[in-house]
Structure formats: C-alpha cells, structure tokens
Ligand SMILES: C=C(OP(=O)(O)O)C(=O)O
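There is one chain below, alone, in structure tokens, taken in the form predicted on its own.
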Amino acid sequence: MLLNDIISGKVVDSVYIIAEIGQNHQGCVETAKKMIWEAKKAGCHCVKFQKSDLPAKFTRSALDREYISDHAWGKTYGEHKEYLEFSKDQYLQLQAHCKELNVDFTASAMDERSLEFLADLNVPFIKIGSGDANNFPLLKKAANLNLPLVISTGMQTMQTVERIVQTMRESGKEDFALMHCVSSYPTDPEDCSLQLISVLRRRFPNVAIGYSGHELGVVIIQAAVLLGAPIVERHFTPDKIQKGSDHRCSLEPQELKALTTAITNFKLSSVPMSPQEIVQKLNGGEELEAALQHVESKTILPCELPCRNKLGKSIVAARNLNKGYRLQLADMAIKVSEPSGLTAEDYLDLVGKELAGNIGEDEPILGSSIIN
C-alpha cells in the first residue's frame, strides 16, 4: 500500500490523498457509496469515515444535552450523533464497496471501543483525530496494534506532540505518521500555520509529516504538499450548502479533482520548496502568503478553543467514587464531558491523588476535585 511505503520512507515522490467523508453522508449508506465513487473518480487513494461508540466517547450529560442547531439531526446531542452513526453491517457494506472500486477504506477511531471495531475490520490504517491526540491510553492501545496509524495534532502543543512520538517509540511503533492540523472550521489562512510542517519535519526527521486541512479552497493544501507533506487529507462533500457543520469547509468533487490533478503535476523531486518558491509557483495571493507566514512552534490557537471546549476529551469517573479515595487508573475514563474536566493528558498524573469529595460515575474530575 502506498501509505505504508510513504510512512516507511520507501517512497518519497508520491502523495497519499485522503478524502474524509466523515459524517457528510447524512446518515445514508447510499449517499456514502456515491461519495466513495466520486472520491475515487477524483483521484483519491483513500476515503475515511468517523467511528464512535457513543457511550464510550461521551458522558451521559453530554449525550443528553439539548441540541439546538440548524445542523441538528435530533433533539439531543446523543440523538443527533446516533442518526449519523453507521452500524457494523453498514461499515462492511462500505468496505466491500471500496474494495470493488480499489480505493482504501478506513475511519477515525474516536474511542477505545471504536479502535477495537476498526482493528477487527482489518482496515489498512487507523486515524487518530486531533480530539484524541492527547488521549494517551487510546494512543498506547493503538500503538500496540499491528496497523499503521495516522495521528492529527490539532488543538495540541509541541510538548504534547513530542509526547505522542515518545509514546509511539516506547511501544516500538515505527509505522505512524503525524498530520499538522488546525481544528477550526473553516480555518482562516493566517491560522493555517503551514510552516509548522517544516518545523515538525525538522523536529521528527524520521516521521512522515502530513497535513489535514480545514481551510476553504485548494491552494493552501497544494502549498502543504510543496512544503513536503506526503499525506494530505480534506473533508469531502457533494454540496457545501447541505445540512451539517462540516460541509462548508469540505471540498466539492470538482475541487477535489483540481487538487489531485495539481498534485499529480507537481515535480515532487524538487519538494520541499521554500515559502517564497511556493508563492511564486502558485501565483501568490494574500491568503497564501498569510498561510505561509513564519511560525516558531506549535501552540493551541485561539481559533481552536471552540472545538477544544466542545469536543476535547476530559477525565471522568469510571464509577462512583467517595471522598478521601485515592485514584487508580481503573477509576478514570476519558470522554467528551459536559461540563468539561481536567484534560486527558493529566490522566497518569492523577494516580494516587486523594478526592476532595464524592464524584458520580461519568462526572468530570476537576482540579477542585483533587487534594494535592
């Protein structure tokens, strides 16, 4: 598979293009099949979905909250997410359809149960999205699978990215890639921070550094390829004005085709190029220059905070816990919580800490919950 060769460094003159269908299928398998065909026809190597086991990903309060939005498919957030979730039988149908069309099929694992689900399907690789890039129990479990991993890094600091790489290496995992990503929908050009691709390439010279973009148009993702990203991913939709929060920052079929055609025509032997060379090659423009502005290091950007606050993972109680109890790993779970608690990367630091009060199952563990 091309992705394996890119991750291992065997192939340095090709770009692996992922069309993320995500949940833009509106909960319809036939729509998903049509989108797979359109992505294949456009020249993509892979189509990717999003797999969640809702009780494993969300707390009950997060699922039960009222969801008022023009994009809602249910009265509660749980009903909305359930409407968009495919069953195992539907996943098998889509996987078989991809096999017929000779296009890779996979999904993002949004929780540990979904990770197991995708491993059982024997997908060619598993994606770990930005919302779980600091979920180290999930990352460790994924690292122990005999499957390549592609890990997005939106909403994370450089310190967290370094810890991701350390976690992979400690598990003996070599077949993984990192994706520069900004979790803002759509991402303004000045927030794209494309030069982080170069920063990450220098910091982790033996790791493939790709790009998962949420900006409008295709010029910025072309620039990512010219900076040296051998794996690129964009959301894909039949129509940007459809109901659903991801459609606006997705590419329509003609845009996806324009992207794959441009990449095919690039002389990848001359990649990576300097920002100045890229601006000249792609005929410049203020947006491209803004996306290529100098950046020192990876931080959590202000534009990412709405997504981090909504979908970032928190540490919650896995069972009812009493005041004075000292936490053990089995007492904690990592979920999207409403309200949010301590962030997922604090998981190991809480072992042995004493609780200041009672905490119910599925309730978030807060800083005030702990006696230091």
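In this text the structure is predicted, and so the values were computed from the model without any measurement. In this text, residue numbers run from 1 along the sequence as written.
There is another form of the same protein, the form predicted together with this ligand; it is not shown, and what comes next is about it.
- Classification of the binding site as open follows from the superposed pose of this ligand in the predicted bound form: not one of its atoms falls inside 2.4 Å of a backbone or C-beta atom here.
- Partner proximity in the predicted bound form, defined as non-hydrogen atoms within 4.5 angstroms of this ligand, places exactly one of 262 to 270, 167 to 175, 287 to 295, 104 to 112 at the interface: 104 to 112.
- Out of the listed residues I221, L196, C181, V161, C181 is the one that sits within 4.5 Å of this ligand in the predicted bound form by at least one heavy atom.
- Contact annotation for T237: none of its heavy atoms lies within 4.5 Å of this ligand in the predicted bound form.
- At a distance threshold of 4.5 angstroms between non-hydrogen atoms, G129 is in contact with this ligand in the predicted bound form.
- Within this chain, S314 is remote from the site of this ligand in the predicted bound form, having no heavy atom within 4.5 Å.
- Under a 4.5 angstroms non-hydrogen atom cutoff, this ligand in the predicted bound form lacks Y83 among its neighbouring residues.
- Contact annotation for the candidate site: D331, Y347 and S369 all lie away from this ligand in the predicted bound form (no heavy atom within 4.5 Å).
- Contact annotation for 32 to 49: a single residue, K48, has a non-hydrogen atom within 4.5 angstroms of this ligand in the predicted bound form.
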